[in-house]
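There is one chain below, alone, in structure tokens, taken in the form predicted on its own.
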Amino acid sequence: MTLQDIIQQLNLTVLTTPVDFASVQPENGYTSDLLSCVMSGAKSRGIWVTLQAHMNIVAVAALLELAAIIITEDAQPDLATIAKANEEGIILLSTAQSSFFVCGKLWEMGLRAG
């Protein structure tokens, strides 16, 4: 499964500069809104599902080399956060759906925890 598949099936909005999403293959998933939990539990090349939309999510994702962040519940990062994500090569995606819904869909698609 590619990030392009995930974007299409979950009808996600791309917030950062588009890349070749078909070449990005997430290997696992993680959900949490506590940055310390993400830093200790998320795995490299994974997708992080959160309702957090502030600048610190970019730093955590870059540190862990995550494939993408899905921001849920219509939370929207500010322009500085999006710019920093572009600079760091972090893909930000958004949806109005809940984190629970997104995780369920990712599970149905075959994505598992790391």
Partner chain sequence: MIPPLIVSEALSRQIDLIAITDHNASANVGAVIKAASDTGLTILPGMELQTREEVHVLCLFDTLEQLETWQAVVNATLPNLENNIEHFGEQFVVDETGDFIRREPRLLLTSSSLTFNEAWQGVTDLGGLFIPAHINRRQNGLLANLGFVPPEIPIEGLEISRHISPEEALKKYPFIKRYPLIQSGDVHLLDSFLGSTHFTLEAPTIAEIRLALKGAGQRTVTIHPC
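Positions refer to the first chain, counted from 1. Please read these numbers as outputs of a predicted model, since none were measured by experiment.
Although it is not shown, the form predicted together with the partner chain is what the next lines describe.
33 is the sole member of 65, 88, 33, 27 with a non-hydrogen atom within 4.5 Å of the partner chain in the predicted bound form. Taking the partner from elsewhere, no residue among 93, 106 and 111 has a non-hydrogen atom within 4.5 angstroms of the partner chain in the predicted bound form. Residue contact check for residue 44: none of its heavy atoms lie within 4.5 Å of the partner chain in the predicted bound form. Contact check for residue 82: every heavy atom lies farther than 4.5 Å from the partner chain in the predicted bound form. Residues 52, 54, 55, 56, 59, 60 are the ones in 46 to 67 with at least one heavy atom within 4.5 Å of the partner chain in the predicted bound form, listed in sequence order.
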